[in-house]
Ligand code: ISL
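For reference, the chain that follows is the form predicted on its own, supplied as structure tokens.
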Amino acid sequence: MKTSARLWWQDGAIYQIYPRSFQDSNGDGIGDLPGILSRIDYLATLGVEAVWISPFYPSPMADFGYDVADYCNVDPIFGTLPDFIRLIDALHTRGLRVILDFVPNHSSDQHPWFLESKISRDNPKQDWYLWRDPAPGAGVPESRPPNNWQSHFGGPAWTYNPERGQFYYHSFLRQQPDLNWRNPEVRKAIYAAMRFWLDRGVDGFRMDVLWLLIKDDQFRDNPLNPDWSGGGSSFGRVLPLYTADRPETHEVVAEMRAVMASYPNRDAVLIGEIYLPLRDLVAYYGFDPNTADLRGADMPFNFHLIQTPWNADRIAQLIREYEGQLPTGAWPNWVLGNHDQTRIATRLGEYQARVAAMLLLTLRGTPTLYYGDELGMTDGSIHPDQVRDPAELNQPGIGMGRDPERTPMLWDNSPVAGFTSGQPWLPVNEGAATRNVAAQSSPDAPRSILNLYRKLLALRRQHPALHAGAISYVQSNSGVLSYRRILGDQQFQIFLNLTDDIKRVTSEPGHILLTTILDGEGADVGGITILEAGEGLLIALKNPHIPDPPNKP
């Protein structure tokens, strides 16, 4: 049964590090594990609970580490396994947990498993990947893929292998063949790799593309997308009915959960990357109505704040719908940025990025921050000859590239922002002179967005209602989003002005704990209160007179 005891990942914030871009220690222009270690003071004082590190496994780097050639080691680009042990020990010493990015859906085509699998149809690993004969018909075999399944990175998801005389399936690049999760030996091998890292002290996993693990066992064509107009990625030609969110996936997630549960004193967390509608997303908690057990992911990542228009009515509706669809005992989570999405400050602008920070860090549930968003970093400007992302190189000119949100972390105002002593693998953002850690930590910048994040994170840790309380009275009015966080007799009112106009709101008596413009803290409020354009208020209410049931949005 799900217990009522609170777990570390429910109360703290998670901070994602893309290691190539966080800190370089050896001058090769690529961030690494010793670089992260050198910035541990920054991480420890920011106020987050856990660090999620994107892949650093041995890899040919066709997709910068998401093409894994060895699940149980460290690529020399990023350091060594002893470097990782030193890093995790140091983070634990400073009170920080460590979450690894794990890639169970596909490996590199240079992984020993695939190199063996492609040799012949009768070797021990012949069915560790998804192999199919060419479709019947005229023409050479390599021109006849088995069905119409499409790659997320454009083009057919099938590549012909002349050694076997068959096609293999890849959800992404041809260098990333999908593992056959219907094979029990594949499952055992992946679970053994999970245990390898759990034995070395990691506190959880973020499972890459978890909803894609199982494919249709009959390999039926996906239905055509009636809304596809021929533009953009060819992935949109079909609806991924048979290549995503298959019912058997939940069995796999339950098995992964069991691996985590075999370390009962660790409270390790299982997070799933899942881009699905809310109704399908919450199914990945694996709720059993007969026992009230949650057998799936601890937190299926909720990306809907990224996908929802920045509009008070729509966001209020999203919060209510999400809270209303959560299974009994499930813990919510929220994400506003990651390594695959345009940065918050680029999407919303400077002031609304501040409002977004208050939204993310005052909603009920675990928030995930992406490195640099606490500085208001915007997307970098990537010249065509600087493009590195295969998602863009495969389909140039249609805006699939993720390089802009992966540019180096901005530490100071030096020519390469303190990231490296060499040439950075991606260009440093143009705003580095002022939008960096040193400048925003200066006494001359008391109202920096970095200070806003630090204060929000501190308040969230300090006040139980902000990390463990219910959320209620979720409303929108004339472009202002409002809600309360409640625990016992402690109540906080949040007002967020999502418009570019001055707004008036009515507040019960209280005092301002924080504003997004870092002005007016400690002032008493009550009655009509002015909200500046793009301003958020966090108010501690005095003797609120309206009783409220728990967790009613």
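Just so we're clear, the structure is a prediction, and the values are computed from it rather than from any experiment. In this text, residue numbers run from 1 along the sequence as written.
Here the subject shifts to the form predicted in complex with the named molecule, a form of this protein not shown in this document.
**Student:** Does the named molecule come within 4.5 Å of a heavy atom in each of Tyr322, Arg354 and Phe495 in the model of the complex?
**Tutor:** Checking in the model of the complex: none of Tyr322, Arg354 and Phe495 is within 4.5 Å of the named molecule.
**Student:** May I ask you to check whether Tyr66 falls inside a 4.5 Å heavy atom distance of the named molecule in the model of the complex?
**Tutor:** Contact with the named molecule, yes.
**Student:** Just to confirm, Gln150 within 4.5 Å of the named molecule in the model of the complex by heavy atoms?
**Tutor:** Result no; Gln150 lies far from the named molecule in the model of the complex.
**Student:** Heavy atoms within 4.5 Å of the named molecule in the model of the complex: does Arg364 have any?
**Tutor:** The answer is no: Arg364 has no heavy atom within 4.5 Å of the named molecule.
**Student:** Taking the named molecule as it sits in the model of the complex, is Arg246 in contact with it (heavy atom to heavy atom, 4.5 Å or less)?
**Tutor:** It does not: once the named molecule is placed as it appears in the model of the complex, Arg246 has no heavy atom within 4.5 Å of it.
**Student:** Quick one: which of 79-87, 336-344, 444-452, 112-120 gets within 4.5 Å of the named molecule in the model of the complex, going by heavy atoms?
**Tutor:** Of the stretches listed, the one contacting the partner is 336-344.
**Student:** Have a look at Arg435, Arg206, His170, His304 for me and say which one sits with a heavy atom within 4.5 Å of the named molecule in the model of the complex.
**Tutor:** By the 4.5 Å heavy-atom cutoff, the listed residue in contact is Arg206.
**Student:** With the named molecule left out of view, choose which of Arg406, Arg460, Arg97, Arg187 has a non-hydrogen atom within 4.5 angstroms of it in the model of the complex.
**Tutor:** Residue within 4.5 Å of the partner: Arg406.
**Student:** Going through 105-139 from first to last, which residues have a non-hydrogen atom within 4.5 Å of the named molecule in the model of the complex?
**Tutor:** Heavy-atom contacts within 4.5 Å come from His106 alone.
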